[in-house]
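The data below hold one chain only, encoded as structure tokens and taken in the form predicted on its own.
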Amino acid sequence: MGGHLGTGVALELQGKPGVELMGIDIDPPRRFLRNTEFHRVQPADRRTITKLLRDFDPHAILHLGVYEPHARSNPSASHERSIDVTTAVLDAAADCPSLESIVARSGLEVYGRHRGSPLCPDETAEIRPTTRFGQTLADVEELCRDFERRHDIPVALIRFAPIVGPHIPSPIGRYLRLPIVPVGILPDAPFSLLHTDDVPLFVLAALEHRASGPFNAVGTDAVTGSQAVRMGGKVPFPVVGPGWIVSRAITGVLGSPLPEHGLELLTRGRTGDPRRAREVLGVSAEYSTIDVIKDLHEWAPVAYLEPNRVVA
């Protein structure tokens, strides 16, 4: 609940009649939440997580505690935290008698980008991650599927496209806002994004339908890296092969590290077929990928004001 996504979902739920909310995270929520119980807990603190969930006895669990590398955690910590909190939540969920459903975060990265693999996979495509973040998401999904098999409680797995928007710590969002942006040239493959404001639409639709199984959550349209950069008036810098080693080192020093799944997105593309979410959940992204890029670039940078000088 402390991250941007969890806070956004909580804001949508807090005003609904009869809804009681309890959230956990390593950081407090980004906004003031009414009628909401929050606990600051480390992902590895299974004892505390278990006690909190058992005492609250939820009807539904919205598990958004998956940490993207270079978003809120470094790559090694992001994997450990994601698996730790998923394991703790599912272990506790098994002892919650009122539990009816779970909605969990995943991503298009689970499909991987092997040579010859579909650029726009649907949910029947094989799970073959080719990055560490993709493997983390695949591991989270397997834990959730195992829970569903053992306890006969539906678990919806929302495979989000890369989530981008103003104020969200998105690695690809930070990267595309650089004044000069290294992009792929051979090939410059298309990718799709999802606006952060669309995340609650898919999560709450899956909750309402007590849905089970995977659902792609993808904005319509697709852009290439060079197109996304030019839309913001930035300068694309074509890179190929070993040049990415130098480029990633430089952008990391500039405060915009590019994780391997971000590199894969720029060089191999990434999108997904959203039809199952539309047909089963009755929901589609309100922002297209082009809208996401425009909103990202229109977000004004922070303007620092000089303090007034005190004159004696």
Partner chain sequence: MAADDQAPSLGDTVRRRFSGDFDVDPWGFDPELAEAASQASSVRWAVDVIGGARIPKEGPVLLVVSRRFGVSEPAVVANGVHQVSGRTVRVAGVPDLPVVSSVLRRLGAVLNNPGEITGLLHHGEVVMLPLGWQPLHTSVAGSLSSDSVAPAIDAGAPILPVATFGSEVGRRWRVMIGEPILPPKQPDKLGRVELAEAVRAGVQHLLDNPR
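Please read all numbers here as calculations on a predicted model, not as lab measurements. Positions refer to the first chain, counted from 1.
The form predicted in complex with the partner chain exists for this protein as well; it is not shown, and the discussion that follows is about that form.
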Query raised in the report: So, 120, 187 and 230: all three within 4.5 Å of the partner chain in the predicted bound form by heavy atoms, or not?
Result: yes
Query raised in the report: Which single stretch, out of 242 to 250, 268 to 276, 34 to 42, 49 to 57, brings residue heavy atoms within 4.5 Å of the partner chain in the predicted bound form?
Result: 268 to 276
**Report entry** Sole residue of 135, 224, 73, 212 within 4.5 Å of the partner chain in the predicted bound form, by heavy atom
**Finding:** 224
Query raised in the report: Does residue 116 reach the partner chain in the predicted bound form if we count a contact as any heavy atom within 4.5 Å?
Result: yes
